[in-house]
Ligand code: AMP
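In the form predicted alone, a lone chain appears below as structure tokens.
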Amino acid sequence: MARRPTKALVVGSGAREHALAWALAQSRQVEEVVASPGNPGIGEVARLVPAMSPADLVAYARKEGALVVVGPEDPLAEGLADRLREEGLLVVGPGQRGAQLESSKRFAKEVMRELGVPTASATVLTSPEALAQAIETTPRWPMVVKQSGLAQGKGVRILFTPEEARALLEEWRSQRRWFEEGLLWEDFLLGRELSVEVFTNGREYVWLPPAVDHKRLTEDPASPNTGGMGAYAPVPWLDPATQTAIDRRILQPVVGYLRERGIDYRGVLYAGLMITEEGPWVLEFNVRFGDPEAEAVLPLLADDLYEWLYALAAGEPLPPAVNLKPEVAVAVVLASQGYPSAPVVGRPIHIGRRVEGTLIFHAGTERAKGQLVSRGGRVLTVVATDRDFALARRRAYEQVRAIQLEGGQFRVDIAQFGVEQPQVANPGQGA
């Protein structure tokens, strides 16, 4: 049997990658965590190396003998996992064929239609003229328009009126590539959003704790869409019947498709769902951990994350279920002023006192002249765990308010509901 790698190389620089590096650093199986390029927070738990080209990353992973964990979607869409596996290296993340489930919403929609997976009806538009015609002939509103390609979580617009749609047309008219890839003109679904993530080796899958992401900038449903302003896990309102429906109608058919088509998929499959009166419907698929869902989910694992990631990378059979701590998690994102349209960067960040039971995962940060400063739109994700949501919320917001960032903004309603104990949110393995 081949020797297990004792090093883990995390590719990426966001809060999701910080959470992955943090979890791997706690493993007795891992002697060292390396991150490329990482960020100052990741540097507290891992050795940082500069960003590398795919060829250099393959060479580095071979030299270090590391298990590679690819955090963001872009390298997966570009085939990084394929290149690593061709060299006999262990990597967590699907190959380029599997990554199309996220890199092409058009492809994902075609797969769902073929499998009969519940998803909103959509028309593919390939020109500004086609979008204009769709706007003028649509009888009911709201409607949803989606960029087919990768858009860092910001390529979806909900349009409530024809006037909003015409304004968007003028804004996007010059984006030739978006039209060439195809815009999806999609029916609006009403319900409660849910993020479901599973570990899968392309043959079978195991649930992680479901989560709820808060995508709008504020609690105002008309505020801008973002990459995610906070999350909580598990989900107290998710009942066993709906979990069973998600298995039967969505996860089993899609993983079966991967298996039957011989698609090499080893990693995390994320289903963004809308739970409607008719049951669960798919909004989108991602081919990696969600962000900020990862920051809420990973602290709940009682298992050694390395053991799961190694099994995925090696294509081994999966254990029947993930073991969880008897806790809940609330994650709150602190974002820069001006996010998401024009984030102000370079402002000092002062992390005051540390609140017990909280974690701070860095996203858009860097060091400048010895000072921690903001580097991007989403700056930090604060996570609190506790035995119930009321206590976790209190801790999370106490920690957020202890951080100084001029113009910083955050939502005040993450996991804002009555004190509800989570129902069974660990339904185990499907195939």
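Everything quoted here is computed from the prediction, not taken from an experiment. The first residue of the shown sequence is 1; numbering continues from there.
Absent from the display: the form predicted in complex with adenosine monophosphate. The rest refers to it.
Exactly one listed residue, out of Phe188, Phe107, Tyr257, Trp172, brings a non-hydrogen atom to within 4.5 Å of adenosine monophosphate in the model of the complex: Phe188. Of the listed positions (Glu164, Asp304, Glu284, Glu204), a single one reaches within 4.5 angstroms of adenosine monophosphate by any non-hydrogen atom in the model of the complex, namely Glu284. Only one of 319-327, 124-132, 258-266, 142-150 lies within 4.5 Å of adenosine monophosphate in the model of the complex by heavy atoms, and it is 142-150. The closest heavy atom approach of Arg249 to adenosine monophosphate in the model of the complex falls outside 4.5 Å. In the model of the complex, adenosine monophosphate lies farther than 4.5 Å from every heavy atom of Asp82.
Taking the partner from elsewhere, Val345 is found to have every heavy atom lying beyond 4.5 Å of adenosine monophosphate in the model of the complex. In the model of the complex, at least one heavy atom of Val156 sits within 4.5 Å of a heavy atom of adenosine monophosphate. Shown without its partner, the chain has no residue in segment 11-43 with a non-hydrogen atom within 4.5 angstroms of adenosine monophosphate in the model of the complex.
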